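A single chain, nothing else alongside it, follows as structure tokens in the form predicted alone.
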Amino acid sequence: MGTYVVRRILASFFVIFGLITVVFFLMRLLPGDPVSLMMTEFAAAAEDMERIREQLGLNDPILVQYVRYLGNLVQGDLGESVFTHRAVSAQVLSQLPATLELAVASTLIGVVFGVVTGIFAAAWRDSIFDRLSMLVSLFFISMPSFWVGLLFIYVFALHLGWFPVAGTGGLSHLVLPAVALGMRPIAVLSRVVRTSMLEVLRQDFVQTARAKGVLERRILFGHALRNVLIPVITLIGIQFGYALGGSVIIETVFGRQGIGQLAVGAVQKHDYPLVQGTVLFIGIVFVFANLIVDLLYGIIDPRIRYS
């Protein structure tokens, strides 16, 4: 088990390193640079803009910039924002709690409602509930999260007035974006759980339990559900990553603070250090979440052994 954990941690470092490298070079392929965007409104002279580029090191060869960035990163220095001149780590850490709150809330909503819907759809196979739930799940799998968010704003905020339209605050500000981001996990998990439950319910040990007079709810939630948890846990890790990525869109739609909003603004301004910092933090959280998911396999299913 210990060897497996070490291997997974090392693999995680390589994943994050690859992510950092790809983002670094992709940002420099975009037309323009932060100095041009920053100085356009001031009608700065070309000489002044060139001097600022030199100060920021943007005139150096791209490989020199890359090696310098990695060297600073090893020392824990993520650099400063080109526009705000604040430390990137401070800006990201100030916005990270709001994004994690949204991602965790949407994942919990997806897991709870997705698993419950899938269980009852399997238990009541071919019923109206089963057919309707699968139809609704197909609808939300097909719809992008920003469209669902806009639909929720129109219905529950503008038309019914139950929730605020936008902003970051208490629970009332969290409900709509979390549910909008959680609809796709609900749809995916409900379909996976239903399929897995139907397969498990046909197994011999379930038929034996029924022959012994075991209550159906105990069969569903005690015997069958445990055998369904492995694919569910796998999807939880994937859906948490989807929630982190989807927060970029949802935070923009609902005007929420968070890393998503920070990243969108940084990309628009070509703020290289800030973009790289937001991607790094999101990558670390996602990799860490998937590492926990992998370790849970051995706890839930004793048949799994790590060498």
Partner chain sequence: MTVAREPQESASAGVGRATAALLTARPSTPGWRRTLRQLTRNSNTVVGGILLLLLIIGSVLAAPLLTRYDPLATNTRARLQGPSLEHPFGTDDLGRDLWSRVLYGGRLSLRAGFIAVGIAIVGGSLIGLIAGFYGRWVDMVLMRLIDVLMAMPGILLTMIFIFSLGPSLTNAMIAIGLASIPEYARIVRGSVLSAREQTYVEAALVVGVPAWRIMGRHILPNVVAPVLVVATIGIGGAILSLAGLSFLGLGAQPPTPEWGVIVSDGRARLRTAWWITTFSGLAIAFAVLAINLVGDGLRDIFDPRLRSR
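Numbering follows the first chain given and starts at 1. Since the model is a prediction, treat every value here as computed from it, not as a measurement.
Note that the form predicted in complex with its partner chain isn't included here; everything after this is about it.
J.: Mind checking whether each of Leu135, Val275 and Gly283 has a heavy atom within 4.5 Å of its partner chain in the predicted complex?
T.: Yes, all three are in contact.
J.: Name the stretch: of 143-151, 171-179, 83-91, 104-112, exactly one has residues whose heavy atoms fall within 4.5 Å of its partner chain in the predicted complex.
T.: It is the stretch 143-151.
J.: State the residue from Leu78, Ile119, Val188, Val228 whose non-hydrogen atoms include one within 4.5 Å of its partner chain in the predicted complex.
T.: Exactly one listed residue reaches within 4.5 Å, namely Val188.
J.: Considering its partner chain in the predicted complex, which of Ala209, Val192, Leu201, Ile233 comes within 4.5 Å of it through any heavy atom?
T.: Filtering the options by heavy-atom distance leaves Val192.
J.: Is Thr252 part of the interface with its partner chain in the predicted complex - any heavy atom within 4.5 Å?
T.: Flag for Thr252 set to yes.
J.: Even though its partner chain is not shown here, does Leu70 get within 4.5 Å of it in the predicted complex, heavy atoms only?
T.: No, Leu70 is distant from the partner.
J.: Considering non-hydrogen atoms and a 4.5 Å limit, does its partner chain approach Trp162 in the predicted complex?
T.: No, Trp162 sits far enough from its partner chain in the predicted complex that none of its heavy atoms falls within 4.5 Å.
J.: Taking heavy atoms and a 4.5 Å cut-off, does Leu158 contact its partner chain in the predicted complex?
T.: Contact with its partner chain, yes.
J.: Scan 8-23 and write down, in order along the chain, each residue with a heavy atom lying within 4.5 Å of its partner chain in the predicted complex.
T.: Counting only heavy atoms within 4.5 Å of its partner chain in the predicted complex, the contacting residues of 8-23 are Arg8, Ala11, Ser12, Phe14, Val15, Gly18, Leu19, Val22, Val23.
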